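As a starting point, one isolated chain is supplied in structure tokens, in the form predicted alone.
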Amino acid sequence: MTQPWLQERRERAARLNTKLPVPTGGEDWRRTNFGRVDLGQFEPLPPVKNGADQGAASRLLPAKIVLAGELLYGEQASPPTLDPALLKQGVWLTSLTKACEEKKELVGKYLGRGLHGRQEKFLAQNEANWQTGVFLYIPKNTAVELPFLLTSALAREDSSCFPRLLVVLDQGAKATLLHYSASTNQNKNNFVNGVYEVYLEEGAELTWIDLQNWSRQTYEVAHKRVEVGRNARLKWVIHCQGGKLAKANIETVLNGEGAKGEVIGLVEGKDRQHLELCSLTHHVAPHTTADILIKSTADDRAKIIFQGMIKIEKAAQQTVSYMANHNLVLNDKAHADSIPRLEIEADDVKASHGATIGQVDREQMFYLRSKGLDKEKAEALLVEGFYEDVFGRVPLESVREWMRTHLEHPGG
């Protein structure tokens, strides 16, 4: 049964969703136009019930990892798997629906906390319609050595899915989260509108490895937001490779003094994919630090877009922030755009950005071909070299090796 407080929020969001048109213009949306997509063709998934066995999340992951806990959500949900010792320490891993019933005060404190008041169509649509979700809570001063795995999977066709993720690390907590979004059939046509919220309280530390592998027929809008508290640490690795038309908005909000954020992204576009990554790094408190590195490749007729904003509030003095975006275009018909921006109101900061768009170096290609490699293998080697500094910052070895292998064998 839906809780009254949650039902009220859903109804309010539904009214807002009805009023707001699909965004098609302005700086944020003019390059990725969902107004041309008939969203009415997609049938919403029914409320998700348990339909998968324990361990289903790790069976879908294309890498083998020893885990502290796991849960599958999306079209089907599995019962959570959690180390009994962590359960005794107060760690919570469960469906968001169950958490809204059994941990309503805790969930109510955080769910949508950083999104209230935002008049945005797709946020309102998710709030009104989410059918599947996960809640992960790590209590104060609890350090979890092994990673958690959350897998969001779709197998149906012509469906719309509205996943919701809420992760909270209380004061001094430490954890690693591996999130994997995937289509189990790469030919299926679906619409996914996901909202993913992460909150790090004072002194918390999180490594988040975020892998997206939807089918190349999927339309996706994603809002991903992390709030980093006082002296908290975030390492966020993003790998985006799926979708026909996909736009991910990632927000790193450094709202506590001494907060640090590191975001490393890898975007692969092939065929006729249109992939846009919009990054906001928001410095709210003083003495905060951010390091953003996004690398992309565009092949065939793909179009890759990066929009990056570093925003520093007046109170965020002695901030250090750097954002880099580098793009490699592998085909004359492929395209890449890079739009980095700064908005600085403080006067004692170090903030800068760098962006490049280039093609494969002909001299390097000639050298590799002269050593007996064919064009395809030579290009693959150059692309791997282009991404090497990203791979070097991925902490889980099996995931790192899968990402490398995937460059040669996409879709697996």
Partner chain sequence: MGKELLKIENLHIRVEENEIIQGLDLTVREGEVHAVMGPNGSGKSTLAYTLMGRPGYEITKGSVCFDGQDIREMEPEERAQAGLFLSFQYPIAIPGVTVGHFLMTALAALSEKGNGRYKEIRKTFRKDIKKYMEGLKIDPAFAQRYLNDGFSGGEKKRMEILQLLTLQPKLAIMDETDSGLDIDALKVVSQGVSEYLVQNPKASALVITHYQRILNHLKPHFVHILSKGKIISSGGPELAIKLENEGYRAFGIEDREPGPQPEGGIHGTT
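Note that this is a predicted model, so its numbers are computed, not measured. Residue numbers count along the first chain shown, from 1.
Quick note: we don't show the form predicted in complex with its partner chain, though the next part is all about it.
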message: Pro47 versus its partner chain, in the model of the complex: is there a non-hydrogen atom within 4.5 Å?
response: no
message: Within 4.5 Å, heavy atoms only: does Asp38 come near its partner chain in the model of the complex?
response: no
task: Considering only heavy atoms, tell me if Gln364 and its partner chain come within 4.5 Å of each other in the model of the complex.
output: yes
Contact flag, Gly372 vs its partner chain in the model of the complex, heavy atom cut 4.5 Å: yes
query: Just one of 375-383, 23-31, 53-61, 347-355 has heavy atoms within 4.5 Å of its partner chain in the model of the complex; which?
result: 375-383
- prompt: Looking at Val360, Leu368, Ala68, Ile65, which has any heavy atom no more than 4.5 Å from its partner chain in the model of the complex?
  reply: Leu368
